[in-house]
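In the block that follows, a single chain appears as structure tokens, in the form predicted alone.
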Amino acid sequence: MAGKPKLHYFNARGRMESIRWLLAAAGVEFEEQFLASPEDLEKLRNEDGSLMFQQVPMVEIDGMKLAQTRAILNYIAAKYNLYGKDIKERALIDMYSEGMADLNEMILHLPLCPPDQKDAKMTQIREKTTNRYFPAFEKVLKSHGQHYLVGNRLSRADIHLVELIYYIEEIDPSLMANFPLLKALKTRISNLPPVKKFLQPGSQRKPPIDAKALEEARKIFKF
């Protein structure tokens, strides 16, 4: 019997959080090996083949050591039937997921923003959320009247979008006011038993990054 996937990253959201969400939504238990020092990262880099491009996230799964976030997400989605029923559905799932990743990337970089630029960055995130990305996904749901974005069944796109909605609500809950179908999707996905479990206190879901975690990341990754 194969062991649980093992996630190698530091103890924060970063680029691993979408992987945690996807595994959790698929009902897959996983282990985490946290990096706590630059030496931990160097040790991984020096192990033969552990970090193909000398960077994390890295996930050990099915005898592989997978790097690159999108490659990891693609594998998990395909393995656990969250990637559509055919190539056309997969293309839509990819297209939607890439749009979500664009907005998520802006949120990911927010804690790294110099203080004098933070207000402008927040304004940009609000504008992109309400005028570009969320209207597009609301329109998709309205166009077919189904419960999920693609093929009327759960896919990675739904999970990534709900994860993103939670992040946006942390920034400003009022940004969701004009998107009733997205709010309904969030409720629907959040009530799925494995997701509901992941959203409970004490799960492997990570909180928003704080000053302490950011300083730890700077120390480990030397940026």
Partner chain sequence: TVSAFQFEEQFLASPEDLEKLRNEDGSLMFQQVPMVEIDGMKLAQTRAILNYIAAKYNLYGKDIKERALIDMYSEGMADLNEMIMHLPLCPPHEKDAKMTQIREKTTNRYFPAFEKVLKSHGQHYLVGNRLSRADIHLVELIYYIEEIDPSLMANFLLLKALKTRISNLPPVKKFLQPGSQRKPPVDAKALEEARKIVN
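Numbering follows the first chain given and starts at 1. Predicted model only: the values in this text are computed from it and were never measured.
The form predicted together with its partner chain exists for this protein as well; it is not shown, and the discussion that follows is about that form.
J.: Evaluate G151 for contact with its partner chain in the predicted complex, applying a 4.5 angstroms cut-off between non-hydrogen atoms, and reply yes or no.
T.: No, G151 is distant from the partner.
J.: Taking any heavy atom pair closer than or equal to 4.5 Å as contact, tell me whether T130 reaches its partner chain in the predicted complex.
T.: T130 lies outside the contact set for its partner chain.
J.: Quick one: is G99 in contact with its partner chain in the predicted complex, heavy atoms, 4.5 Å cut-off?
T.: G99 belongs to the contact set for its partner chain.
J.: Report yes if any heavy atom of M122 sits within 4.5 Å of a heavy atom of its partner chain in the predicted complex; otherwise report no.
T.: Taking the distances in the predicted complex, the answer for M122 is no, it never comes within 4.5 Å of its partner chain.
J.: Give me the residue from G27, G49, P173, P38 that has a heavy atom within 4.5 Å of its partner chain in the predicted complex.
T.: Result of the distance check: G49.
J.: The chain here is shown without its partner chain. Which stretch in 190-198, 176-184, 162-170, 59-67 comes within 4.5 angstroms of it in the predicted complex, by heavy atom distance?
T.: Of the options given, it is 59-67.
J.: Select from 140-175 the residues with a non-hydrogen atom within 4.5 Å of its partner chain in the predicted complex and write them out in sequence order.
T.: Contacting residue: only V140.
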